[in-house]
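Here's a solo chain for you in structure tokens, the form predicted on its own.
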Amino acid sequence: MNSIKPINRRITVEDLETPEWKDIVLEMHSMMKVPREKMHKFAYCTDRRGLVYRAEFESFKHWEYPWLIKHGEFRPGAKILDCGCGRGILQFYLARKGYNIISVDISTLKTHQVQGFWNLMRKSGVPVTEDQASAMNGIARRYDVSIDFRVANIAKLPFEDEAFDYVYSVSVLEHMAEGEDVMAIKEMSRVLKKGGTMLVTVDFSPVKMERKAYIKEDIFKLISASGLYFDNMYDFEIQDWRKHLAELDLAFSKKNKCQVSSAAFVLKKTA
């Protein structure tokens, strides 16, 4: 059996049992104080120390984050952009490793109650200024790191051309409005330096679905729109879709049956 796997591919459950994948997941779980009995599981988990703002580690991201770290091959001192960061633990993990992280999300990532308060203040015309980064800064302090967080739509990034060595987006594009995902990947390409690396994961299916999930041809359209090119080989084929979904259910302890997989790809910008 050929042990060399293409970089650009869909989730492969076997990866989760390899030492390099396990070590990254265990490190992230340790950061989040995940109970020891749950450290070897890949279900959705949060940092339970905070009553309000908690870092998250979603189920599929137990595969996607190690994949990104393994194939990102981040250089020390590099400038990295996290597009659609959410409260994902990855940005804090990388910051603890000494990388310069700038994170962007369309939301302030505050609780619905807090967001409601600020929306009311704005509608009432009350002259107060909201600290949009306060929730993220609070989470970052828990890990003794600093995150440069900005509130913005990744389809219109507030950065100059070629500002970053690496740009990544983990399971974000499929949640955007039709056409916005194309705008977003063009923007991500625009702010990436020549010779830089972009890493992307998206919800994936081998067949068209009612909900948004990319088929192989959709991925190729995104890549074409980006103007970038594949790094290494690719393989998005799934021989037995039902068997694959059953494996995902088992590996990621899904309460609801999996309907989609995840596909990941690395792109390079011509130097």
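A residue's number is simply how far along the shown sequence it sits, counting from 1. In this text the structure is predicted, and so the values were computed from the model without any measurement.
Keep in mind the form predicted in complex with a small molecule is missing from the figure; the text below concerns it.
Exactly one listed residue, out of M176, A163, V145, M183, brings a non-hydrogen atom to within 4.5 Å of the small molecule in the predicted bound form: M176. The listed set M136, L81, V170, M198 contains one residue whose heavy atoms approach the small molecule in the predicted bound form to within 4.5 Å, identified as V170. Using a 4.5 Å heavy atom cutoff, none of P66, K70 and L94 lies near the small molecule in the predicted bound form. In the predicted bound form, the small molecule lies farther than 4.5 Å from every heavy atom of S124. Contact check for D47: no non-hydrogen atom falls within 4.5 Å of the small molecule in the predicted bound form. In the predicted bound form, at least one heavy atom of N153 sits within 4.5 Å of the small molecule. The shortest heavy atom separation between D105 and the small molecule in the predicted bound form is within 4.5 Å.
Checking 136-144, 70-78, 186-194, 83-91 against the small molecule in the predicted bound form, the stretch whose residues place heavy atoms within 4.5 Å of it is 83-91.
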